[in-house]
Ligand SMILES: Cc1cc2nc3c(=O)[nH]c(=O)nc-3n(C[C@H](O)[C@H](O)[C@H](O)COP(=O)(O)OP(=O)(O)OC[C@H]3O[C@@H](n4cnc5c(N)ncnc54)[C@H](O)[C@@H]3O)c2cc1C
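Have a look below at one chain only, the form predicted on its own, in C-alpha cells format.
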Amino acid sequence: MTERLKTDILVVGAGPAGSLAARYAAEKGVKVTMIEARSNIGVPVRCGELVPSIEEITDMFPNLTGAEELFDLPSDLAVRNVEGIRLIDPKDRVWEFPFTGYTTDRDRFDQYLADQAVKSGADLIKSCRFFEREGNIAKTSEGEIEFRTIIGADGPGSRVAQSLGLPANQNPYPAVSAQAEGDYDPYIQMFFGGIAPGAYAWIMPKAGTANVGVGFSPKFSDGSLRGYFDKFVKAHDIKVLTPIHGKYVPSEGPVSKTYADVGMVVGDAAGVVMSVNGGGIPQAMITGRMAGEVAADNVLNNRSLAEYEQAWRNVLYKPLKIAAGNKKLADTFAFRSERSTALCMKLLGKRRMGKLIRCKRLFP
C-alpha cells in the first residue's frame, strides 16, 4: 500500500476469531479489511489442533445458539475423530472418559476460514503487521489504514487491545508443540506432572502422527520449556518430526472488558480460553461471529459495541469463569508438587475430573 487505505471494519489477525469476524461482517455488506502478520496463514502451527464436537461445545456452553451453522465445516478438515480423554497423573494412573471431537491440521483449518471470509467479500492483506492506533487510523507495516471499527484478533499479547486501552491477559502460560510420528488410539492423552510441578503435556492423535506439546506455570516450574518438552518426549519414546513452536496461552479467564469506543477484541485477545485445558478454537469462532455482526451493525445502524460484550458474556462467561476458578483451586492445592498433583487427582476421581475438563463446577 502507498496511499492510505479506507475501510469500514479493520480486522487484525486471520486466525479463527479474525476470519469469522471478517466473514460475518462482510456478509452484511460493509467493507471489511483483514490483515495478517504472517505470509502463510496458520503457519507455523502453535496449538493442540483439537476441535470438540458440536455436542461437547453446546454441553459446555448451553446458551449458545446457531451452533450447527457456525461449526458446519468440511469433513476433510477432520484428520482423526476422537472418542475420549485419558488423564494421567505423575504416578501414571489413568482416568478415562468419553469426549467427542476431532483433530485437524490447524494450518488448513485456518486457511479455510480465511478463504470463507474472502469469499464473503472481505479483503485480506498478508505480511501486514499492526503497530499502533491514532484515533481511527491504524499504523501498519504496509501503511496507514483508516477504519470506522477495529477488531483485535491478534492473540493474548494483543497490540489492538493495548491501543484501545483494554485490559491485558494476566499470567499467560508458555506452551510449545510439534508433530510426532505414531499410530495412537483415538483418545486425547493429557499428562499432569511427571515433568515438573505445574507442568502438563498432551498427545493429540492424528493420522499416523500426533500433535505433542508441553506447557507449564512459571509460578511452580522454573526450568526451560524446551527442557520439559525434551524430557517428556524422551520419557514416552516419541519421535518428533517437525520443529517445535511456541505460544502463550491465557490462563485466568476472560479479560474484564472487551470493547472500547471504536473497537473490540476477540478470541485469545479477549482471554476466552478454557483455563483448565487451553482449548480456545470454539470460543474464538463464537466471539468472532458476534463481533463481526455487531461491528457491521455499528457501521450500518450505529449499534453499540457494548452489545458484543453482552452477547459473549451470556454464552461464555459463566463456564469460563468456572474453569478459571477450578484452575485456581488446582494452583492452590494440586500443582505445588508432584505428590500433591497425584493426591488431588486421586481425590477428585473420574467424575469430577470429567467436570473439570468440561468447565463445570466440581462441587457438589
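Residue numbers run from 1 along the displayed sequence. Just so we're clear, the structure is a prediction, and the values are computed from it rather than from any experiment.
Below, we refer to the form predicted together with the named molecule, which is not included among the displayed structures.
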Exercise for review: Tell me, please, which stretch of 299-307, 31-39, 324-332, 57-65 lies within 4.5 angstroms of the named molecule in the predicted bound form when heavy atoms are compared?
Suggested key: 31-39
Exercise for review: Answer with yes or no whether Leu10 is in contact with the named molecule in the predicted bound form, where contact means some heavy atom within 4.5 Å.
Suggested key: no
**Study point:** is_contact(Gly198, the named molecule) in the predicted bound form, heavy atom dist at most 4.5 Å
**Key:** no
Review point. Could you tell me if Val273 has a non-hydrogen atom within 4.5 Å of the named molecule in the predicted bound form?
Key: yes
Review point. Is there a heavy atom of Gly292 no more than 4.5 Å from a heavy atom of the named molecule in the predicted bound form?
Key: no
Review point. In the predicted bound form, which of the listed residues (Gly279, Pro254, Gly193, Gly263) lies with a heavy atom within 4.5 Å of the named molecule?
Key: Gly279
**Study point:** Interface residues of 41-78 toward the named molecule, as seen in the predicted bound form [heavy atoms, 4.5 Å]
**Key:** Arg46, Cys47, Gly48, Glu49, Leu50
